[in-house]
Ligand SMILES: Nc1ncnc2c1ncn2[C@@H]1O[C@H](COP(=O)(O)OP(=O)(O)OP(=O)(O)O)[C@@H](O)[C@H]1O
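Here's a solo chain for you in structure tokens, the form predicted on its own.
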């Protein structure tokens, strides 16, 4: 009987066919969603209105990743939410099956690997790299050593005009009270190797835009990371007549989405110069403020845009003297919720509410400029739904060039029209590995040895 390890269990997962390997699950239980390359079998399963990602993996790795993701989620670090680890699985003949790690699917997200296709704009690439660098810096700030940075292990979501990056695979990660410079450099070295290899792989498959060069992409990521890390943690020294630079440093960090919980301020012996350094830096400055005022839990740049609209609404309605929480409640009801409620039910899966409202504000501004008048919110909403939202594609699995996947639930199986091209053979899965000692590079032999010694593998 399968056993479920879960802090927040979903009882609907229990009756699923855990006695079957994930590769053999009926398609009626699966959802075709894009994902990156994985060395494990990964499937998206739908239970009621919820979608979960399920990954078959060895038990000690499943438990390790579940604990790490739980800690990262508690620290409000951008990562997928762990749901459960299912152990004790057996097939109909009583043969043991690998445990399954279940995480909640991140809605409206795509793997980074799918974003560097033909025709991608330079400014889009720049925003994607910035989001990836910001994620890595945030993980390092909380003491997380990733150990496997790759395009397939990162998801992106739209965040107003920018992108937000999420960690999706923590299997090789380690959580420390604080990372040393050597540990961070080690993580960057792994990132350099993995990312360069993946960019080259995309390039070889004609899936990377011709204007993008793998070496330059990797060098840009490293340069951006080092600049951001200095801004977040670096020491700044200035004359005692330039005290305004303290406030400017805090404002720059706030603009990056970070709160400064403490500043170390030292005055040099002669009193002529001052040195400052952020001691505790916490991400999510704008999203926490919006959550506190309205209860909306959104991405950082989305929160920044919504807060700007809230401030504009407060000024336009002459309520600057009214307490901000009171005005925020009115804005939420009369502005934000009114727009969301106006969207037909069949179109609500195209954008999350915060992204939809951000795009509506853009649409309203351009419409007002074109018509040389302030377009009312209701009129702009109707126009946005008609001109923009109805034209957006639903979230489906599609190749960059429009080709159909042979198996929409497993992109690693290639395209349906690849009849003349033999699929690559993995000797580990086909059983065609050359003869070798039974206890070397043989996972089944290792499992037998682990069972004999009483340890789990």
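Numbering follows the first chain given and starts at 1. In this text the structure is predicted, and so the values were computed from the model without any measurement.
Keep in mind that the form predicted in complex with the named molecule is not shown, yet the notes after this line are about it.
The named molecule is not shown here, but in the model of the complex it comes within 4.5 Å of a heavy atom of residue 152.
In the model of the complex, the named molecule sits beyond 4.5 Å of every heavy atom of residue 294. Taking the partner from the other structure, the named molecule in the model of the complex has no heavy atom within 4.5 Å of any heavy atom of residue 273.
For the chain shown alone, residue 359 is not a contact residue for the named molecule in the model of the complex, no non-hydrogen atom being within 4.5 angstroms. Contact annotation: of the candidates 105, 127, 350, 157, the single residue with a non-hydrogen atom within 4.5 angstroms of the named molecule in the model of the complex is 105. Among the residues 168, 139, 86, 165, the one placing a heavy atom within 4.5 Å of the named molecule in the model of the complex is 168. Figure note: of the listed segments 382 to 390, 128 to 136, 366 to 374, 106 to 114, the one touching the named molecule in the model of the complex, with heavy atoms no more than 4.5 Å away, is 106 to 114.
Annotation for 24 to 58: interface residues with the named molecule in the model of the complex are 35, 36, 37, 38, 39, 40, 42, 44, 53, 55 [heavy atom within 4.5 Å].
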